[in-house]
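Just one chain is shown here, as structure tokens, and it is the form predicted alone.
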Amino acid sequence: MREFIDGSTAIVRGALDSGCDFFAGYPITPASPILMAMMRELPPRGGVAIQAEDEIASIGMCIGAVMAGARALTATSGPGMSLYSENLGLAIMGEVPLVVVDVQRLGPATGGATTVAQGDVQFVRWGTSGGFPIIALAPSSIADCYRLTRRAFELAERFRCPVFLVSDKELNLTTNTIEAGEAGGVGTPTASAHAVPALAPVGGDDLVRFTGSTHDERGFLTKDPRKVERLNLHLAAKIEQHRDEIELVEADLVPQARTLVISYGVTAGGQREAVRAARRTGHAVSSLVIQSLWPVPERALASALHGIERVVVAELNQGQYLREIEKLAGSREVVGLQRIDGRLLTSDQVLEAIV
């Protein structure tokens, strides 16, 4: 059996099947279908879905809900991410497990509300103060939207941090045919167990201290250099020291290949077709689709780069992830294939860059 759905539906199913019971968001194209679906689906399941007065209130409500024991999701686009910035820092400092969907559209500012782009790649990594590492996943298909949403909830619980699902307008709003079960809808999987000790819910019998300021193990503000360093090293190390656990890629490697094509998100569709076409004409080429954008999957990239002389990086921005590949590519030739006119990179464009 097959079904005809879009990426937004798959994300909502992934959240519900992960035990999400709270959603807050503000209408913004192209993320609004997630808000509307959660407001329709959550209340009958005993959950809460709120259309907040703005984006700042939305993420604040989600943080509060998590602190009270809920599993929370919010969804927005680039302009909303700008408003999320301060509270994202609070979630990092307070170690709040939260899933944030960024359905990218063309920027800057209001930009193209109904136009595809991948311009938030660096923004989700560096969009709040402090520079502490975050986790960001990038689906490249309808099935990925479901699977990586579930993975995002698992990682948020495992590492007690906000996890970003970096999607885009075309992937979320385009309806496609997939095999039944690839995006949920077959029974209701049991929500995964907490991988770390549960948060102490606010409002219980014990006093809970929650602060965005530097604090000690008991939640008291401190300027003791040893305690400050211990906290900050912990916030970084809990992610950086588990890169291998977070790393996720789709590797289609050919041993004799001297060219490697790298992409992520919706651009991977054109890449896959271009690689197939190149191979049909006798070109040995390898393909790597990155699904865990942050931390950068360095081990998988090092493996894929073995024997490679030329790397093509395809993305719908001005080369934001190209910079991360250049850091690892050594003396290899690195070619950026970019498009910022609101249209998708075609398989023909990728093929031309390959050959």
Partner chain sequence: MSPAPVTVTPLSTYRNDTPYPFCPGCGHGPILDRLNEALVALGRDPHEIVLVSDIGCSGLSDQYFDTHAFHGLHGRSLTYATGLKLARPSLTVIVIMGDGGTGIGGAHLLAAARRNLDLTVLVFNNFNFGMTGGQHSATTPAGALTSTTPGGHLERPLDLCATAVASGATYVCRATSFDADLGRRIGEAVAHPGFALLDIWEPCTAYFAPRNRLGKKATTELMASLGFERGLMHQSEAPEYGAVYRAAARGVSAATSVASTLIEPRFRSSLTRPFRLVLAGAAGGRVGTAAHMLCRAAILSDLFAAERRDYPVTVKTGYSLAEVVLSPAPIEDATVAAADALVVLSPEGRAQAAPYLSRLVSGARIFALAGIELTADERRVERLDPSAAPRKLPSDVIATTMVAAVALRLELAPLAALRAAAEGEGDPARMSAAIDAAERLASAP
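Positions refer to the first chain, counted from 1. Here the structure is a predicted model, which means the values were calculated and not measured.
Here the subject shifts to the form predicted in complex with the partner chain, a form of this protein not shown in this document.
J.: Using a 4.5 Å cut on heavy atoms, which of Ala237, Val228, Leu253, Ala113 is close to the partner chain in the predicted bound form?
T.: Among Ala237, Val228, Leu253, Ala113, a heavy atom within 4.5 Å of the partner chain in the predicted bound form occurs only for Ala113.
J.: Among Ile28, Ile325, Ala70, Leu305, which has at least one heavy atom within 4.5 Å of the partner chain in the predicted bound form?
T.: Among Ile28, Ile325, Ala70, Leu305, a heavy atom within 4.5 Å of the partner chain in the predicted bound form occurs only for Ala70.
J.: Choose from 148 to 156, 255 to 263, 118 to 126, 218 to 226 the stretch whose residues reach within 4.5 Å of the partner chain in the predicted bound form, heavy atoms counted.
T.: That would be stretch 218 to 226.
J.: Considering only heavy atoms, tell me if Gly270 and the partner chain come within 4.5 Å of each other in the predicted bound form.
T.: Result yes; Gly270 sits at the interface with the partner chain in the predicted bound form.
J.: Looking in the predicted bound form, any heavy atom of Arg45 within 4.5 Å of the partner chain?
T.: Although the partner chain is absent here, Arg45 would touch it in the predicted bound form, with heavy atoms inside 4.5 Å.
J.: So, in the predicted bound form, is Gly212 in contact with the partner chain at a 4.5 angstroms heavy atom limit?
T.: Although the partner chain is absent here, Gly212 would touch it in the predicted bound form, with heavy atoms inside 4.5 Å.
J.: Would you check, heavy atoms only and a 4.5 Å threshold, whether Leu35 touches the partner chain in the predicted bound form?
T.: Because no heavy atom of Leu35 falls inside 4.5 Å of the partner chain in the predicted bound form, the answer is no.
J.: If you look in the predicted bound form, which residues in 1 to 30 sit within 4.5 Å of the partner chain (heavy atoms)?
T.: Counting only heavy atoms within 4.5 Å of the partner chain in the predicted bound form, the contacting residues of 1 to 30 are Met1, Arg2, Glu3, Phe4, Thr9, Val12, Arg13, Leu16, Phe22.
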